[in-house]
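What follows are structure tokens for two forms of the same protein chain, given separately as structure 1 and structure 2.
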Structure 1
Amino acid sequence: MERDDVLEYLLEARESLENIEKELLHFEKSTLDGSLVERELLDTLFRHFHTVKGSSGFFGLTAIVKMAHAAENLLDYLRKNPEAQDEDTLEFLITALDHLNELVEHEESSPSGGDFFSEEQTQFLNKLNQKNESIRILLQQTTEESTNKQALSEFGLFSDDVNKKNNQEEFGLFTTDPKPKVAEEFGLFTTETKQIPVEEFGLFQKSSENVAKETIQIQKADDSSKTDKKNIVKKDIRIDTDKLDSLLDIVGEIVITEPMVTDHADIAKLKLENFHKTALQLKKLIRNLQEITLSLRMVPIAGVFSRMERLVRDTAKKTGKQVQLIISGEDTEIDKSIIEEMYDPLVHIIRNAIDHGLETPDERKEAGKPTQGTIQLTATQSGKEVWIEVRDDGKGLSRDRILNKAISLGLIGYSEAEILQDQEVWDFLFHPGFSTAKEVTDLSGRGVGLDVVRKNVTTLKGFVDVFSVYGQGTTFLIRVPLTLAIIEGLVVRKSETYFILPSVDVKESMYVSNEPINELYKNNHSIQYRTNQISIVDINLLFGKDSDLNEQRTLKEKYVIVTESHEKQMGIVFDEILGNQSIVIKPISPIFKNINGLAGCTILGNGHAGLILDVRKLISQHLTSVTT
């Protein structure tokens, strides 16, 4: 139970740290353009660190407390001496944040009593404390006598050993406190309000009333100024995903059952005008209900996008390039599970864009571009898809270099290279083992290529495309479905079993009355489709049994669904096509091991369970087994 509490807290801590990251990046912007950071920003940062420190104290995570505390001190000095802000202090804060993230992560995966686990961390903490100490001395020298005094007592409190004592005291205070549970709850939901006063008392117990009062007042002022913002944030509610899933299940059921009732065979021939009116009303309501429940899983993509800011900053720094990230459409909503899967592909593409796409400031100047490169990260909703675009204004893709590489890898011959469309050339980038980087750098070329990006996106039933104009830049466009819970599918029947083929994979369906089958050898058949011969298979064959087609010379009254994946086509033979419909995807029980060709199950209008085919997998498995 206790462990659960800690884990839940760590999740909260992660959120606070994410906020800190966001604020720090703002901080950096103002530092870089030379203006002083606003007091409000410093206060916000201070408060976030403070929250992390305070709540971590409850759980005895001493390392986090120490680290957050040191960062807090640094910020406190900055509040008093805004002119002391420089890149150095910023770097300290960012590194402190990194260490905090590390500590939180470590605590999640392997709880170790909450202390530091690497030498680096302790060293950094010492360095940070030294920095604080030096600022303190500086402050002492420059400030007036009276303030000096005040500062002294305060600093005394924060200096290392006293600090330790205080920490212990703090923990003592909280563990013996009869209401830690309550306080913790506040910590969870409102970040500070309750906690801070409690902790302040612990910290300032021995200090003069004056200081304590002042600090509390500051806190209070902050709180009131923050309340407006927080009200907006607090509209969220955490829901157990299991509950959400069962709600989605039930709504999915209703959606399926509705036509079963309103178009029931028993009433098909009756004239029921009023009934149909109300049925129509019900239909509308059910559609609304479905939309709303599906939207429950939808979250704005802003969370992932804002994490890119940090990435851009770090990558730019490492490569010595100047990069500006412009984010738009971050409030576009998309299924939570998809968002999580988008992170890695985006990281990869953006890193690539900075590392390979953008030129160095000098090169840019020569090319007549502004020294600062731009990366535009945009999300837009387009029908049932979300389009995520990463556009850089760098040097663009070099057709020649890509072609040379493709030829050297044996992907194409010289003669073919000439006639390829640009689009086809860019597509080589997604080929496994294809890297246009001249050398392996720290940032890329570690064997993870764009092929992995495409693979990740394809698993989400999405697409990645690349567009480029040499000298002007490159654009990566990722298209993913809004949600994975519902797909459009073609319902077909093969003897007693119903199958669903996702509509995106279906190229054409045709009724074949007497088409001759060409049998190349056992289990390998083809028919003439337009100008090509395409492989046709029986669904049994795809699941490792012998094909029904072996005994047949022609396709008599059968339906062939032509499916396509990665430009490979395959016809699958069925007995009947029932039509297109929205399918609620349900997972298939893990008891069925080794089934690769199924993407899930669904329940059809007739109450039967239908099997959703993973067409892409079936094609890639079957067609490779045929060719090898």
Structure 2
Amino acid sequence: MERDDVLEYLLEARESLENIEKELLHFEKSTLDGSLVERELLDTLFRHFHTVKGSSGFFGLTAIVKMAHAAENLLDYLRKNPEAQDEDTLEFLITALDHLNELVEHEESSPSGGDFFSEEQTQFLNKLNQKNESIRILLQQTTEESTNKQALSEFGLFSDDVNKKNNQEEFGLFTTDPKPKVAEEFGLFTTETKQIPVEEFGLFQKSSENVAKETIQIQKADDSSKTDKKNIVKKDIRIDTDKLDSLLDIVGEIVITEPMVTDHADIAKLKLENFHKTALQLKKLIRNLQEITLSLRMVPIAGVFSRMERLVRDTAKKTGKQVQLIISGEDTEIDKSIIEEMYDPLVHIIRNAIDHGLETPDERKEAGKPTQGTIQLTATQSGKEVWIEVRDDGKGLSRDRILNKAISLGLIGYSEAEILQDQEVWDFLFHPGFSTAKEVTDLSGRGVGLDVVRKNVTTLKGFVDVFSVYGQGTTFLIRVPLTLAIIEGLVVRKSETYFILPSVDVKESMYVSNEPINELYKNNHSIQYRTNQISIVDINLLFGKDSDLNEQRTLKEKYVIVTESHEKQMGIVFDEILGNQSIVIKPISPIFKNINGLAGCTILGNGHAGLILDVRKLISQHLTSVTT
């Protein structure tokens, strides 16, 4: 068996396991009020486990087969005896799912020939098999008791008792009508008590007829599943992301090359009316091609959101809190590479929200709130960005507590603490090692989580903001670009070098004909911007050289780009603004890797290379240098 074939199957197995997790969580939610689980849901779960078992056996993954088979047996019992559902049974299924995920992940990274790789897995399988065996014995005893009762009832053969008729039907002693047998098979959920023993008895020791019928049912289910897959195949196909990346690179080259041809200096002064019409049509087609290519990498964020349901469930159980997760906007699409990086930030934020934000049921009751806390997870598209919001209705952030911790860590003095805005106070939460938790637990308390959130989101060229009202709850808002492959940028020039500033970081651009500069000391200048004084720099200073603004009293005939990051503003001086355009980001050469403040490079329509600035890092570095 080729390794590539195994890996491709394991990818499909992951999708099946994701579906199982979704259905198990649905199972749990739908039975919280004591309702019986739906037969259709059990059939779906059974089918997923059956598929995983069957396909894994084909690839020789014996551990997965054994685990899925044991879970399948348990589900078979529930399918025929839904009234036997309990929390213990559901936990068995969820734990089996966890072990299956571990086995699939291990087989992907460190193939072990399909065997178990931990003692814990073997012990759990034994435990699950023991439970199935105990069920089998219990059912056998129940059936024997039922048989004895039926034997006694045979003495009443000529009675008109209704129950007697049912016994006759069950054993087929006095009728050749096959219909009653069919009725027994589908009578799993009837209230007829006499039918249940026969069905239970058939759980582990099926008659050949029942086996044949059930096989037909499974085949029909599989056929139905295959039919569904065929329908999906008509709409979707699986493509290697490397091929998509290659396609995007080629389209990016076309986007770059197009203006180099249509706006070439050799034809700029020629009157070529037909050429310009055709060039305009070409621009339009290339724009469409670019948009379609980018859309190929866009996937719904639902995949990440659905994984949060399990996180909320497990964290709530560990903390003893009641939590309801409300998801909306899961159809919002975003670049696949960004989605993959959003999982960790969301895990940290939601885990913190449950562990620190939401109160215990008693605390909530005392505060006049419902005992069940709520976390809302929402995604919306706003222009070229996707906004992901995590909102809880917990106790909110304590400004005093955060400030006291910041002061104790030496991050701020007593006098400064009093004048800080709330947003500046919440910002301390993202400081590495910052935590106000009284004790460290296995969930949180080390001050690592939110540090990771900001680091990951910043890497994606995104922002994370916090809003909180004490006693009412906290909201984390993450803003990330739709895609990292192409950005909208402002192209500017300083001397012979071209730079690109991401449009999202640009607050305003302005032409300065003659404006006084305030020099506080060397390399530290400011300029009047509306009603405030803001720092002003030239690009040389940002890359470690002395500023060209030193010893200048005024700024003459220059362009100032006002940039903004976390409500901190800084003006950067350039000689010329070429305008806004879509920028295809190219990886930066290793030679420039050590230069802080560069996010990448690109080729401009005029054929020149352009350096893409990491504006937020530049602002942070400069403001740190002038305040220390």
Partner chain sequence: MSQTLKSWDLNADEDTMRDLYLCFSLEDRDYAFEVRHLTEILALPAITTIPGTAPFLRGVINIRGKIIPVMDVRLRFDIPFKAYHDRTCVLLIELDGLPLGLIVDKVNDVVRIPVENIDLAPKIGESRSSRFIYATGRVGDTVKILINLQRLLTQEETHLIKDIPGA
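Throughout, residue numbering runs from 1 along the sequence of structure 1. All of these numbers come straight from a predicted model, not from anything done at the bench. Rigid core: the largest C-alpha set superposing within 1.5 Å between the two forms.
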- Task: Would you indicate whether the form predicted together with the partner chain is structure 1 or structure 2?
- Result: 1
- Comparing between structures 1 and 2 on the rigid core: C-alpha of Arg14 shifted by 2 Å or more? no
- Task: Answer yes if the CA of Asp614 moves 2 Å or more between structures 1 and 2 after aligning the rigid core, and no otherwise.
- Result: yes
- Task: Answer yes if the CA of Ser382 moves 2 Å or more between structures 1 and 2 after aligning the rigid core, and no otherwise.
- Result: no
- Query: With both forms fitted on the core, how large is the C-alpha shift of Ser535 between structures 1 and 2 in Å?
  - Reply: 8.4
- Once the rigid core is matched, what's the CA displacement of Val492 between structures 1 and 2 in angstrom? 3.5
